[in-house]
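Single chain ahead, written as structure tokens, the form predicted alone.
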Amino acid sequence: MTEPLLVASDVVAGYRPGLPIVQGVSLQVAAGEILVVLGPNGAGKSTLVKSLAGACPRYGGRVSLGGRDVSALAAHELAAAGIGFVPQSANIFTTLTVEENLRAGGHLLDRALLRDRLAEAWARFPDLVAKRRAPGHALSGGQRQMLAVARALMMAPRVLMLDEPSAGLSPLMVGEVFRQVRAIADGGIAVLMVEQNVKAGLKLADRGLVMVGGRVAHEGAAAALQGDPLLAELYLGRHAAHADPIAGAAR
């Protein structure tokens, strides 16, 4: 069994002390693996990922990256340690061009490495090449999402965290973004992804974790969760045990 790269144990997080949204969540993700975090609205999914990336206060628990305890690190220190984070909104600079956004993502790199990472970004996201001088506000939703991911990859993270990457995208663009996410994981990066599109998320991921009320309610292999009636119960209530969990849970 592959050793986990990112391990979170009993994480408690939220925005006000004494009123935690995430209440003792544990998870782990290995290099090359995609873990999708699912759950109904208000379950604490986004708060969990934000707390692991240092973008939201964490009041308890332990986080380790490659065996190193990173629990006390600030957001910029987590980024330097190898955690890349793509928030759901405000994930690019809309007044900067595509290339300027990428350069901003790699601002700590020396000139030669920055040049190499830019070349990698253009090769991975060829649709952005023609837009390299266009401002962020001129991009489509799908192009913005690809740019946000490309910018997060400029520092070559070991773990990539994505908050609702399919939000607001057409089915065609969801497929393209998810194809890129799978390729990123296949390249050896651990991916932790919050997703409301249950069907697409489970089809993409290796494993799934379901949160309800700030806690882990269920988890397992993604393929097994696709046909698990408990998924419908957790999303829709106990009386939905015989409903289609994928159709019922999709947003």
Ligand SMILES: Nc1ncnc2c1ncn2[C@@H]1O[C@H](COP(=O)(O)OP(=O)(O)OP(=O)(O)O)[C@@H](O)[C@H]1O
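The first residue of the shown sequence is 1; numbering continues from there. Computed from a prediction, not measured in an experiment: that's the story for all the values here.
As for the form predicted in complex with the ligand, it is not shown, yet the points below apply to it.
Heavy atoms within 4.5 Å of the ligand in the predicted bound form are found in exactly one of 33 to 41, 219 to 227, 178 to 186, 201 to 209, that being 33 to 41. The closest heavy atom approach of Gln196 to the ligand in the predicted bound form falls within 4.5 Å. In the predicted bound form, the ligand sits within 4.5 Å of a heavy atom belonging to Gln88. In the predicted bound form, the ligand sits within 4.5 Å of a heavy atom of Lys50.
Contact annotation: Ile21 falls within 4.5 Å of the ligand in the predicted bound form, judged by heavy atom distances.
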